[in-house]
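There is one chain below, alone, in structure tokens, taken in the form predicted alone.
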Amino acid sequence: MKTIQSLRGMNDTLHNVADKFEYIINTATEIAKNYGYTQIETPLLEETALFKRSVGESSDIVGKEMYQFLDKGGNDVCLRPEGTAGVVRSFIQNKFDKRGGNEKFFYHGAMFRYERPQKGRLRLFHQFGCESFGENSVFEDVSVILLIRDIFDALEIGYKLKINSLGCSECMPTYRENLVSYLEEKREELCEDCHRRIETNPIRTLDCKNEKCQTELSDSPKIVQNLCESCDSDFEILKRVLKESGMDFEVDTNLVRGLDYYNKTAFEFVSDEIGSQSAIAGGGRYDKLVEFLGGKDTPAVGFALGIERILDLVKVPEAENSGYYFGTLDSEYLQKLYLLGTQKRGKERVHIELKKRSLNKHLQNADKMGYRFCAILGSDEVANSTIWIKDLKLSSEDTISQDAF
């Protein structure tokens, strides 16, 4: 009978990788809380309309990559391809938009996109993200960027920051006209995806990964040269405050992000260590998304970082040995050993070895498994109601009464 394998691009997370996952998430969580964020968890399954309306039907995510199907009730649903839209849906559904004030949420979990699996890019992948609602100041954009910086610094990951401004509803229409005119002149040199984007969302052509398109679009009109007074002022403040905060950056005039809901500030953190300028985190401002999904007009800014993207860049600090390893020299003492061991559980890290082994083998196992104390029960210990304990860190040993233990 043929064995069943995991689906392509959907990997198991085994203990060695799980330790890194836990370390990354715990580090990011602690820093996000320091910035005033609280946790939110949204469903893996949402209405497909949520992502069509937010991410945009012109995006590759909606057009090509969503795991979309009809459930048994005939509802059009999909596995979430990204985290922001679900958080915004929850923000509106729970009436946070009616309260005013600044609400900040962080989340982490699985996302799904049907794309070609490759290193750091899977069909089942995980993100850590933050979303800040209700604050329209560009200083909040800086805070979000610095939050990511603090996470990557704590994880000892090298990075480069790229920033751009995508303008607003005032400056975008004129820029769109200029860009479409330019794209029409280049249409024959562009790929089929770009032909579609010219009609649906022309600024997305700047995000095309086709090398020929990138070359052809290198001298395209730049949005930063067409910003209104307000957007231009915010972008200058953003650059100035980042510099004064000791944050190096590069202005990338072709940076537009892969989702339709961004406006004004857009940014990416990239690393040379996982490929040529590969993005490891990104985000920006999306001031109209809450209103677009049926809520009250609410400014917002956020980001997501790809956990699989940074796994190979993270080294988990070695933990000190801790807890108790319990072993016996004779199987007839296993029940007594087991009862002693379970009394320590809940207070200590505990392993109870269910097979009898020699003393040396127990000591080797305890050290290999990362336990500080090796507690052994043999015939002498049972006869005297004691237990023998060795501190593997200090290389000291003692025999104490079981009651005292």
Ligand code: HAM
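Given the structure is predicted, the values throughout are model-derived calculations rather than measurements. Quick note: we count residues from 1 along the sequence shown, nothing fancier.
The same protein also has a form predicted in complex with the ligand, omitted here; what follows describes it.
When the ligand is considered in the predicted bound form, N263 lies well away from it, no heavy atom lying within 4.5 Å.
At the 4.5 Å threshold, heavy atoms of R204 stay clear of the ligand in the predicted bound form, well away from it. Although the partner is absent here, Y286 is a contact residue: one of its heavy atoms lies within 4.5 angstroms of the ligand in the predicted bound form. Proximity of K186 to the ligand in the predicted bound form: non-hydrogen atoms within 4.5 Å are absent; the residue sits far from the partner. Exactly one listed residue, out of K104, R89, R257, R80, brings a non-hydrogen atom to within 4.5 Å of the ligand in the predicted bound form: R257. Shown without its partner, this chain lists D232, E135, E291, E115 as candidates; in the predicted bound form, only E115 has a non-hydrogen atom within 4.5 angstroms of the ligand.
Contact with the ligand in the predicted bound form, defined as any heavy atom within 4.5 Å, is confined among 300 to 308, 69 to 77, 90 to 98, 319 to 327 to 300 to 308. Residues of 125 to 153 that come within 4.5 Å of the ligand in the predicted bound form, judged by any heavy atom, are F125, Q127, C130, E131 in sequence order.
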